[in-house]
Every structure is written in structure tokens, then in C-alpha cells.
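First, one chain by itself: the form predicted on its own, in C-alpha cells.
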Amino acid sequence: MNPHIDYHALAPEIVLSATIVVVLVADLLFPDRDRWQTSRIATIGVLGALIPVLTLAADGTDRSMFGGAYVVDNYALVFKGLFLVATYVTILLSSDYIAEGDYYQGEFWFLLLTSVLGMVAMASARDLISIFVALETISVPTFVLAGWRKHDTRSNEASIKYYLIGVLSSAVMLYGMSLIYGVTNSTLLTDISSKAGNLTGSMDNLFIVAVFLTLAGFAFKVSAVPFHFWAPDTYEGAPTPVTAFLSVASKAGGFVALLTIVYVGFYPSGHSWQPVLWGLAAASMTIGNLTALRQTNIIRMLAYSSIAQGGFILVPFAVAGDSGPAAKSALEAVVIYLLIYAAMNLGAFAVVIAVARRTRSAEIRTFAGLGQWSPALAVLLSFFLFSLAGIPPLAGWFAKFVMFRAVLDAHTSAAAVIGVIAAVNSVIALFYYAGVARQMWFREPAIEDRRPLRVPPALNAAIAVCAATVLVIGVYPQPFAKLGELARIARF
């Protein structure tokens, strides 16, 4: 019997796939002087893929295909929109960077769009096989993108480390998934969910081991401690736009996979996954923030900040509990935090790219006196950094608010403890974010050339989009909070 295929539901993936083919052919046919136009094709394709996302959202009907293995609902559409908008901003901050460097332009956009296709598919995946295929579609192109500066030994090292650890994490995760299939005799998450709560004896113990291995594999993907060792070197060695993409879109893809598999597949067996996520959250927040305090390179600082922010995102996971209201609050908190984190981090990296066009360095000391020779960029970077720290009235405060609300809704001693850990780490994070601001506003300029900095229009647009998002959400978060409520998995 032929499977039912809903082409409207698959339209975002179809548009992206067509764009990938067009970019590949255009790169082959365009002369060298015109190959920069592939970035325009990529932009049109990404924005075109947003159109069916909006039409599907306006329709409001949940769509299921392939026996429930692929679902298009509000939860999937919110994340598809996040991935596409984050990619659009990444294209804006990448276009001049790639065009001005010694890079293969067409292949860059081809690999970037392929990774995004995996993310869009991940948002709808409800089966272990489709989740794994989508996750590898996300990861494999980024292994190459991390080493895009082919003549830079640090970029080569970054790519190799990312590749080796990424392959290891995939093997661990796939082994855990194979054990889950062996125990439940199904790869469909809804079937796994219905059987997970009824396992006893040795089967229950084997399922716990399988859950641990699967979560360990996902922990590599989201750079959670102690599986974070690849992130700082990879972030520093990769081209800065690729680093921004990895820290936001790629990390969000891993979290969406984790969110789906935990809430749809593992939820009835909370005793087997909550302690693991609790430990990952506490370790990621603490080690990420303490290590970020010692960094002298802003890319490495943002890398460890990303690890710590991942810990904050894991907090609602860890306290979700077995009750419906607590689980609902935790789910909304994760979704809202991911959406806000994307705007904050992309904006910070965009400003770093703009400043590095003059300084040719990512050392924090080169940001000294930025407020004197480029006050607009100094204000904007301060905005993004203090938003990451959770300072009102910027969007980060709302992300922290929904996280702590999920902690309070849990009503458990474990939630209280991790809430205290999160509060302490929020204060620690403020120290290194404020340290960069102090360099910009209270130190003498570290460079001789103090002329006003010219920022390319595309990069300016990326910064403006992120800054407007951070400010508007911080001042008026209610409409944005509605997205968190809409992106609710059906069972909650």
C-alpha cells in the first residue's frame, strides 16, 4: 500500500531541496565573478520556504504521514520558522565574509542549506529513524563548514575534532536507539511511550541503559558538560558565521531532537531520564560559566557561554516532573528560551564579525575603546551581552523568567536545588559579559585607526533584525510567549 503524502505539509522541505539543487547547478554554470549570486539564490529559497510554514500555520490542521513518523503541527511549525529565520540571518552575516575571503562560495551555501533541510525535517520527526537521519543531515555538512578556512591550521583542527567527536556521539546515540528498539519492538515514539511505562525487571533496566546512551549522544550534539570538549576549539577555528550558525541553529536542532524524544518517547519513564538531565544542566551551567570567566578571546568566551546557556535550557527538562502542569510549563520554557537565545547569540556574533573587519582579531582586548570609535556597535554588543545575562528590559530577562517559573511549578526539592544553582550561575555570567562592556566603554582604544567603521548593508540588516527582536521581546513579551503556548506537543 502506497503511503499517503501531503505535499502541502512537505512544502518547506521541497522548497529547500529545490533551492539546494539550483545553488549547486548555478555554482557550476556561473562564471567566477558572478558566483556571489548563489547567496541571493539561497536567500530567496530560505524566505520561500517560510511561505508554506505560514500557510500551514494559518490552516491550523495537524498533519501526519508515514504512520505517524512525520508530523506537521504547531510545535513543528514554530521550530521550522525558527530555523529558517536563523538561517536567513546567518546568510546576511555570511555573504560579505565569504565573498571577501578565499572560500568556495557555492559549496558554502549548498552545505548550509543542506544542514537547514535536516533541521526543518527534525522539527517534524517522530520516529527514531527519521530523527537520526535528520540529525546526521544537520551534522555532516557542518563538519565541512567548520574547516572552511582551508589554509588555516586551527580551522582544520576544529573540523577534525568536531568530526571525530560527532561520529562518536552518533555511534553512542545509535547504539542506545537500537536497544530501545530491542526492548519496545518499535521505532515510533508514540509506541515507545505506550510501552515504556509498562516495562519491568531486566527489560526496564535495559531500557534505562538505552535512555542513558541516547541522551549521552544528544548531549554531544548540544555541547552539554561533560561532552563539550569539542565546542571551544571548533567555535574558535571555524569561520565566525559558521560559529554563529553552530551555536544557534545547529544547537537548537539538537535541542529539538532532545525535546521530541523525551516528551514524546520517554516521558512515562521519568525516573530514567530526569536525573541524567539534571546532572547535565547543573554541570553545563557551572563549568561553562566558570571557564568563560578566564577567556581572553571573545569567540571562546561565547563558546563557553553557549555551553552555559545550554545548561539553562536543560533546567526545565530536568524539573518537568510527572504532573501535567509542570511538564507543560517546562515545555513552554524550553521553546521560549531557544527562540530568544537565537536572537541574542546571532546578534552578538554579528557585531563581533563587524568589529573584526577592522581589528582582524577576536581578542577581548581589541574591543577596548569601541565606544569611542564605533559607539553604535558598542551599544548593540552591550545590548546582546546584557540580554544573555538576563538584564531587563532586554529579551534575556524573559527567557530567564520562564525558566525559573518552570522550576517553581515543579514543587520538588531537586527543582529547588537546581533553581539555586541557576540563580548563582546567572550572577557569575554577568561578570564576564560586563567585563567585555567594561573594555568597550572604560578603556582606551587598542587600535590606531579610529575612523568610523563601515559595516556592509547585509551585516547591518542582520544586526538590526536581532537588535529589534531582543528589544521588542524584552519590552512586550506577551505575543512572543504565545508561540511557546502554541508549540505544545499534542499530549500536553
Partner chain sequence: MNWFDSGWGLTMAVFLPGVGMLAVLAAPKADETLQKAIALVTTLATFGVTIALAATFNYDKKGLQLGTDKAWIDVINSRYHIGLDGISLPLLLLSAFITVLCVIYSWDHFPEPHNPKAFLALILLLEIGMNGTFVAQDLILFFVFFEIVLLPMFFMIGVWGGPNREYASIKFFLFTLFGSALMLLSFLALYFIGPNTFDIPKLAALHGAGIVHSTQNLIFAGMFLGFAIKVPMFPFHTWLPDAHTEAPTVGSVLLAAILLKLGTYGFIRIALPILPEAARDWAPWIGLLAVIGIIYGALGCLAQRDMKRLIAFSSVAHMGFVMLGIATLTTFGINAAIFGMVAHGLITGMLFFVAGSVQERFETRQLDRLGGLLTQAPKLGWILGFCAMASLGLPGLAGFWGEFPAILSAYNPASGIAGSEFVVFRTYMVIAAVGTVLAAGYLLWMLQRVAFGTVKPEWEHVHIHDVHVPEWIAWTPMLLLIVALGVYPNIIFRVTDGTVTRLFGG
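Residue numbers count along the first chain shown, from 1. Owing to the predicted nature of the structure, the values given are computational and were not obtained by experimental measurement.
Not on display, but discussed next: the form predicted together with the partner chain.
Chemist: Of Pro393, Pro226, Pro275, Gly182, which one comes within 4.5 Å of the partner chain in the model of the complex, counting heavy atoms only?
Modeler: Selected residue: Pro393.
Chemist: Give me the residue from Ala446, Ala57, Ala434, Leu453 that has a heavy atom within 4.5 Å of the partner chain in the model of the complex.
Modeler: It is Ala434.
Chemist: Report the stretch among 417-425, 143-151, 216-224, 122-130 that approaches the partner chain in the model of the complex to within 4.5 Å, counting heavy atoms only.
Modeler: After filtering at 4.5 Å, what remains is 417-425.
Chemist: Within 4.5 Å, heavy atoms only: does Glu332 come near the partner chain in the model of the complex?
Modeler: Because a heavy atom of Glu332 falls inside 4.5 Å of the partner chain in the model of the complex, the answer is yes.
Chemist: Do Phe404 and the partner chain come within 4.5 Å of each other in the model of the complex, heavy atoms counted?
Modeler: Yes, Phe404 lies within 4.5 Å of the partner chain in the model of the complex.
Chemist: When the contact criterion is heavy atoms within 4.5 Å, does Phe398 count as touching the partner chain in the model of the complex?
Modeler: Close contact exists here: in the model of the complex, Phe398 approaches the partner chain to within 4.5 Å, heavy atoms only.
Chemist: Could you tell me if Phe386 has a non-hydrogen atom within 4.5 Å of the partner chain in the model of the complex?
Modeler: The answer is yes: Phe386 has a heavy atom within 4.5 Å of the partner chain.
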